[in-house]
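The form predicted on its own is given below as one chain in structure tokens.
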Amino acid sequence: MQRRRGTPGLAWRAGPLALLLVLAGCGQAGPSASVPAETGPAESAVPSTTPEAAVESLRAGMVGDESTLNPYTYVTGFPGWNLLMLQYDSLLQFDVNGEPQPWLASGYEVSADGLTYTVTLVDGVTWNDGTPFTADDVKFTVDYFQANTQSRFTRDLSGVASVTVDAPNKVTITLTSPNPSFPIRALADVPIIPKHIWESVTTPAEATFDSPTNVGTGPYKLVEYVADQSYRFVANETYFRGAPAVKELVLVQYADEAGIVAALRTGDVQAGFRSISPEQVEALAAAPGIDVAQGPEFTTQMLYFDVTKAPFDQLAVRQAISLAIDRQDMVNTVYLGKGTVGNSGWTHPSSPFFNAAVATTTDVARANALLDEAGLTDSNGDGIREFDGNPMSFELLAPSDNPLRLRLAELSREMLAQIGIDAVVTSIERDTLVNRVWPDFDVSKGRDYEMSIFGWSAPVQVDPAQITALVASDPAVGSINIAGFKNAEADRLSGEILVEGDPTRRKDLLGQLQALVADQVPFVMLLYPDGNYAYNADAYDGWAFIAGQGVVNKLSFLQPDSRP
């Protein structure tokens, strides 16, 4: 993390993201792989050192309403999931480098065939209503999410064949097939819910704030919710990793970023739970008492096209579009340098799975030559090429509520004009755009667009195997293949990646798929924005920037010695 402030201050940066490699030995002959019980934070609920004095209350600004914050009612990936996980815990927890570490689990072992995870739980954990947490809760959680499929966590657990309780603090999770991403996608993502509460909830999507479904093991409990106005959390003083560093957390809802920025300046809030726009960074960092925590996030900004439609079904057209896009110019112009240039192979350059051999280049002359060679010429001299007698003029969708994406669309239009492609920017309401690009969030239902600026939240990059979801032709695998891309080699590589347990071989397969994406161009990866979070350091300065995720996480509110 890097901190910016108008007055002299400390600056630091975490090392590159080091995603958890598949456990050594998974899928190989020999001893089973394991994460020993002593790995990560101490198993005891007692902190190892004397904690710093806790902050009595902290007010933070957020945009929008996330409903009642249980696993079936929170609204969005950010900040909904982040706020949800203030109340709940998962078996593993990402540390600041983005690596899953033991949390509710004190350790786990994986069988040599990669099918069985034996998980040992931390002793002495209680739910925030005082009920003991046991292995029965873990089994119940898996069974409940599999039975009640309205939650996204059902997807994370879809490959689980069974869960057995071996002891009050031990469970065995058996998969239907090897899944090297299981620690990242399930153990570090799925909130464990209390059996004694949820076993009587038959319609989880209708659970209200007044129901007891906000009982968790996490560092906070939601005690007050006023729709479209605010949330109030109070600290779980008996939290098994130690009492939180902030006793009360009040979240105030604003209509947009401007409201949060104004509230920060007046002192109505002491932190912003939304990454601020690049143009706001320098101004806020210069304001008295305000710091800006900056670091890499793995959200993506992308240029998509429907590859099932002419002329985007022609490889030369897609390659020319990619070559015409000056990604560095986009980072500099739209994000004022606060971002990372997109890798044409998709994977973030900070990932250990990044294939450095994949080149990302801008070459307008080569782009024009490719289109000329494909016979796509400007026959009437109006500056726009033709295909099948039609001008290469296409609608480029951009969300009306996102000025950065709108600017990316405008720059894309200018860059594509250099190669004779007319991109007509159409600003439309976000939900309308999503429904045209990704109807009902189901790629099997097709799509209704030509080009669009789109992107994905950080978890899509955190799991390196998620590249398969963007390119596999089978909707069960390519669940976010909104381009309609089909390629036999991509399907073959995707199938191998999803089950390959050998870390070296899996990294090689991921590198091959990145090279294929760069060559076949099912989409254009534009850039990865940085996260920029403004806060009043005099009010609270304990923020933990998790690589790829930002500061809105439970680690930010725990004492330093309680973090993994």
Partner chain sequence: MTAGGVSLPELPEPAVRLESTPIGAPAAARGRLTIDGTTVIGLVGVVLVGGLILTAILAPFLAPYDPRERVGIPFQRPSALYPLGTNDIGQDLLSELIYGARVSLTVGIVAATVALIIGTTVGVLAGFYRRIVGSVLMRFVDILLIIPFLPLLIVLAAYLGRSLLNTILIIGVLIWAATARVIRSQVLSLTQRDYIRAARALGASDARIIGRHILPRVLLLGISQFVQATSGAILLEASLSFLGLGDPLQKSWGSILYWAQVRGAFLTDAWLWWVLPPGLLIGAAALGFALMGFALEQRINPQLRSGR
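Residue numbers count along the first chain shown, from 1. Source: prediction; values computed, not measured.
Unshown form predicted in complex with the partner chain; subsequent notes refer to it.
Residue contact check for N435: none of its heavy atoms lie within 4.5 Å of the partner chain in the predicted complex.
In the predicted complex, no heavy atom of A147 sits within 4.5 Å of the partner chain.
Interface residue remark: L411 is counted as part of the site for the partner chain in the predicted complex, having a heavy atom within 4.5 Å. Proximity of A258 to the partner chain in the predicted complex: non-hydrogen atoms within 4.5 Å are present. Candidate site formed by Q280, P403 and S427: every one of these residues places a non-hydrogen atom within 4.5 angstroms of the partner chain in the predicted complex. The single contact residue among L104, V138, V443, V334, judged by any heavy atom lying within 4.5 Å of the partner chain in the predicted complex, is V334. This chain is drawn without the partner chain; in the predicted complex, the residue among L264, L470, M415, V119 with a heavy atom within 4.5 Å of it is M415. In summary, the region of this chain contacting the partner chain in the predicted complex, judged by heavy atoms within 4.5 Å and restricted to 395-403, 476-484, 316-324, 96-104, corresponds to 395-403.
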